[in-house]
Structures are given as structure tokens and as C-alpha cells.
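A single chain comes next, written as C-alpha cells; it is the form predicted on its own.
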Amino acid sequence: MRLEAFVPRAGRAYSRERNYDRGPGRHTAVSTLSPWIRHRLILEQEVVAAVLAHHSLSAAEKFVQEVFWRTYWKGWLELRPGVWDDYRVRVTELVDELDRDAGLHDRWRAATGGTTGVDCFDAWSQELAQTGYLHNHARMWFASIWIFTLELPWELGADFFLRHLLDGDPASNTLSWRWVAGLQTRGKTYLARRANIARFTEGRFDPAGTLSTTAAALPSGPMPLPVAPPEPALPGRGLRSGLLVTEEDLGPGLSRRDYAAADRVAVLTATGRRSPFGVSPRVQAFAEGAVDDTLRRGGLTAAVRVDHANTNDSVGRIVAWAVDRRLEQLVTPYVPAGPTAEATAELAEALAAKAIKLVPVLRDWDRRAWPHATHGFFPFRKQIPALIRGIGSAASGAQAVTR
């Protein structure tokens, strides 16, 4: 198991080695667990608990913080969903602009095809497309070069990542690109530097004379104020219920016993909606395989399974199924901001028209952590010891919520 194999290296060895990008097939200093954590095939609290059973918090602090960065990003975006909405609108506008502006189109094609002439950037572009993965340090360098050297819109770079990353996550991806651009922490940008790249690729790359030496923050409007976090609620007792499975939370710990009858399980995916260009076959296959694995492990059979990106009437099919099964509520693991949330919002509205309630189930891990994502990561980081102390209950606890 990947987690078991990595745990011995999650302490001081990780802290020393984590920034080194040694190239495809050699990312042994980091866990590479992110695709499985992204879909919650393995839970964040399981990862943290396993690491802290082997290391002290002080020894494993860097790795534990990386796990909590993902939780923080999700919470931050969940409290400001308009940031995701604005990103989606801007990507759509830029797709039209690519059709009108031949120069922009050519530079974008060179960047996404790995033919810019910046050797390190081109290698990372090709590695991403071929493997579905990039080392975190390489992601930062790549985003910086995309924005400040190639002078391409950051939204198109974030879209390129979402099309190809196996761990492509709306919150982590969008907000990390915003951070590099100086939009997330206002005025603070990330500049890819020749010496840093040469050092942490151990001389594989030395982009002398090819990188921008300045990184001015991009202009932006006011930062949106956070909205209220989701409020806990409970599914109605004694109601005829079904289970909706999505790719967003496929992990253990959410009780399916009341909803797992053979004719009461539906699957709704929206992988292809991550980008107007669709996603790579590798990403699509990973997401579908993740759902298949969860159904198999849970002994479940989906009575209806639809892909919101490729099926014109996906919502209608699930509603018709729910009506046919005389369901009164459809329970699902909570779906945070992103393409799947867009799909489930449509579904919730259509179900409501038939007097069927969609009930999202929120894990205690998220319920406890997200309200602290109101400012930057460093205030959030102060909450990590307290959040870890509650890890036992968070590993299995969940509550339904209303959006």
C-alpha cells in the first residue's frame, strides 16, 4: 500500500527532500498520494493518523501541513464560491479569445504542447500530459513561468492542469494558481528563479537567460467576503432513501446501510466538466476507476449511472429513477465547490420539483476545519494541533447538511 510504504519517510526525511523534483518515475521523496486523497479513496485523517503513529508532530510537521493545505484550500473556496464562478466565466471568455487571437492561440498551444523553448517548462508540460502528475515544486515553477515569462492568462494554465492532473481539484488548483499570480495573498507573487530550479532539479535544468526576473502581481478586484459555512442537519428519519455516489468523496466512514439496496444507488460524475476542452483519457479513466472501486468495496450496484459532461439528460435520468423508486430523499457525501457541485445543484433543483430532497452528508473533518479558513493559511495552521486532537471522531463521523 502506498501509504504504508511512505510513512517511514514522512518525518524529517520528507522535510529534507520534499522540494527536490528528480523527474518522472523518481518522485520517491514525496508520497504521490494526492490522486487518491483528492477522491477520498483514502481520507485525510487516515493519512495524518498513520503518519503520527510513526512520527512525532514536530518531526512530521511539514508533511502534516501539506495534508492540511488541501483541507484549507477546500474550506477557503467553500466559503467564497464566487471565486470559482468567476474563474469558470473567465475560462469561457478565454476559449472564445483563443479563436479570435492567433498570437495568443499559438503561445497557448506551444505552452500546452511543451514547445516553448524553455527546456524545464517544456519537460514539465510533457510530463504532465504523459503521466497525469507533477511534483508540487514543479507546479509552482510551471505556473510562474506560464504567467510571468510566457505572459499567458493564469486561468488557461489552471485549466490545463485540471485537464491533465489525476489529482485535479477545483480548490487546490484554482487557488494555487491565484497564489502564484499574487491574487490570493494580495501583492505576493511566486517568481521561478534559475538558481532554485537548478538546485532542486539537481542540475537537470538550468534555464539561464530564459526566465522573467520580475513578477508583478496581476490586477484584481476586491477579495470576496466569506459566506457562512455549511450548517449541520440530519436526513429525515423513516423516509424512503437512496444513495447518490459522486467522485468527490469515495471514502469509508459514511454509513450506506440505509441507502444501499440494489435499486437505490445512483452515480453522478462530472469529470469532463472540469474544462471546456474536456479532460485527458488518463484523468477520465482514473475517476471512473475510483468510482468502480468504491462500488465494488461497498458491495453496491448502481441502478443508474450518468456522466453529466457527456449525457444531455443526466439529471433527468436520475430524477426519473428516484421517482420510479418512490424515493423521498437522496443522500450523498457533501460536494464542495466545483464542477460536480454545479451538477448536483441542478439535480437538487430538479428533485425538489418532485418533492424529493437531496441531503449532503458532511464529514466531521470538514465541519471542524472549514470555518477556520477565513483568512490565510498561517492563522489556519495554528488550529492544526486542535484539529488533530479530534482526529478519532473525524475518521468516522459525518453529518448531513443543508447548503
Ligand SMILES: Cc1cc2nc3c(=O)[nH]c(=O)nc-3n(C[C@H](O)[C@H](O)[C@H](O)COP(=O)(O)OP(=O)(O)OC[C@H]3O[C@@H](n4cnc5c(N)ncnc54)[C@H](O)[C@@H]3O)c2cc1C
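Quick caveat: nothing in here was measured; it's all calculated off a predicted structure. Don't overthink the numbering: it's just position in the shown sequence, from 1.
In what follows, reference is made to the form predicted in complex with this ligand, a form of this protein that is not presented.
- Looking at 323 to 331, 194 to 202, 215 to 223, 162 to 170, the stretch with residues near this ligand in the predicted complex, meaning non-hydrogen atoms within 4.5 angstroms, turns out to be 162 to 170.
- This chain is drawn without this ligand; in the predicted complex, the residue among R107, R305, R88, R139 with a heavy atom within 4.5 Å of it is R139.
- This chain appears without its partner; in the predicted complex, the one residue of A345, A352, A49, L33 with a heavy atom within 4.5 Å of this ligand is L33.
- For the candidate spot formed by I37, E66 and A143, every residue has a non-hydrogen atom within 4.5 angstroms of this ligand in the predicted complex.
- In the predicted complex, this ligand stays beyond 4.5 Å of every heavy atom belonging to W124.
- Although the partner is absent here, L152 is not a contact residue: none of its heavy atoms lies within 4.5 angstroms of this ligand in the predicted complex.
- In the predicted complex, this ligand stays beyond 4.5 Å of every heavy atom belonging to F286.
- Taking the partner from the other structure, this ligand in the predicted complex has no heavy atom within 4.5 Å of any heavy atom of K357.
- Taking a 4.5 Å heavy atom cutoff to this ligand in the predicted complex, the contacting residues in 106 to 139 are Y133, L134, H135, N136, R139.
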